[in-house]
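This document starts with one chain, in the form predicted on its own, laid out as structure tokens.
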Amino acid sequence: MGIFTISDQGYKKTLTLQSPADLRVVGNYDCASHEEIKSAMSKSRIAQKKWAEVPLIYRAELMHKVIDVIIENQDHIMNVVMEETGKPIQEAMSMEIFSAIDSLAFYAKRAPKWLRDEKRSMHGPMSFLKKTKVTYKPRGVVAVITPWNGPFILSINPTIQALLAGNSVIIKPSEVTPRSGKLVEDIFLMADAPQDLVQVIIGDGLAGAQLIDEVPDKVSFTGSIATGKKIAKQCSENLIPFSLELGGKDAMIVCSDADIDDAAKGAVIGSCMNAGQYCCGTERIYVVEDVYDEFVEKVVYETKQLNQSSEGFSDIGATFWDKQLDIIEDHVEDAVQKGAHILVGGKRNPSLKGLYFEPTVIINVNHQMKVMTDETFGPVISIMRVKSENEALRLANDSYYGLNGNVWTQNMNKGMNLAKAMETGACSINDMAMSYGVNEAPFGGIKQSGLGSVNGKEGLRSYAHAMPIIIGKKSASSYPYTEKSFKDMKGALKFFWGNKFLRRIWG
């Protein structure tokens, strides 16, 4: 929700939520108590033991049942998401519904192959004596702690992967968007998932901390750097595996040979999609001076075409959280005070009742301004003139964030070289950052933007323990040691590794 308040009545915390679109109260929810969280964990462990025995092919079939439920209930899901976030209907469909179904179908098809026992060829002398298999065993109970900017997709996507790997899941959605997270539990139950396989606990940050105190077998967290560091510290105390997908300050480099029309449109959607509230949002744009004026002119034109309204069919919806709106305003004000110039927008939308910040274009920015260094998370297009692509690259890498980036050029070799040189978890060429939506690709940040990978084969397998099993009819060891065993070892060393040609074969 755009605004939430928590009242503590001693025995129970209550969460009161207001819509960011029109500020009306849309729900009151009891926060889970510590005892309820303990109970959820106990039930989850029981459910997981049974689920782990279910063959992968039947786990995949559950995902297809969930697809059917989502398609049948898509309007209800979109309505809940829009009521909690103020998203336009197109974004509720594309980011939440379409992406969820795509993930369900993608992993349901591939999980039986990616998680089945895998043969590994052995090298050297051991190739005559042993075989190796790697089996992917469930970790157990996975705690999924999710943010408010993609409240349904960022709850269901890790859940899909965790369940296919044989785990049970407890989701703690953001207190800003609890109903969107709760939908995941409801949908799996409607698809006839086993009782307690997927559970949702509603609460504030304390509830998330108490959930980790119950020592789940993995924690998947998406959210802020500050909270991510707290979770990392808490997990380390019990050696709980975790993945952190944290904030971003994605850079866009516009080369002198870029298709300027295409790049300008890419800048606008990259900065303004989801009202700028997504971790891969384009937050700083470096444009080579040869094309700077043309690029700015076209960005201004494209931005002025955007429709911001409280109606479902608009281009930019509300800011999901009132505290985030304060941050956006602070960043824009800081930039103006330090010499930046606003060409479009720059303030709350005075014609709308809710939490709406106008799509904004700012120029004359530099790295002394918060809007170019700290995560703004709003519909702000910040454009900086640079002398060369090398300068653009240097500035793009001058950040403690490293999640995504994008490069715009018609020379693919140049684009690849710049993309590889960017200090970021992923990069796109001639498009906004797309990596989270590409299920084939691992997704994860570097620097302060996170630890570990989600999505792709790597992400799916991170929800399992890769257990090697070494197989042989007889022990390969010689113990106690003898003079003969020592000579045999020296002989093997000379045969396999002493010959420069053979070592390349046996290595």
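Treat the numbers as computed from the prediction; the structure is a model and nothing was measured. Start at 1 with the first residue shown and count on from there.
Here the subject shifts to the form predicted in complex with a small molecule, a form of this protein not shown in this document.
Out of the listed residues Ala111, Ile212, Met369, Leu197, Ile212 is the one that sits within 4.5 Å of the small molecule in the predicted complex by at least one heavy atom. When the small molecule is considered in the predicted complex, only one residue from Lys298, Lys414, Lys230, Lys347 comes within 4.5 Å through any heavy atom, namely Lys230. The shortest heavy atom separation between Lys172 and the small molecule in the predicted complex is within 4.5 Å. Although the partner is absent from this view, Phe443 contacts the small molecule in the predicted complex, with a non-hydrogen atom inside 4.5 angstroms.
A residue is said to contact a partner when one of its heavy atoms sits within 4.5 Å of a partner heavy atom; Leu154 meets this definition for the small molecule in the predicted complex.
For Glu375, a non-hydrogen atom is located within 4.5 Å of the small molecule in the predicted complex, even though that partner is not displayed.
Site residues Ile145, Gly223 and Gly247 are all in contact with the small molecule in the predicted complex, judged by any heavy atom within 4.5 Å.
With the partner left out here, the small molecule still marks one of 99 to 107, 253 to 261, 172 to 180, 299 to 307 in the predicted complex; by a 4.5 Å heavy atom cut-off that stretch is 172 to 180.
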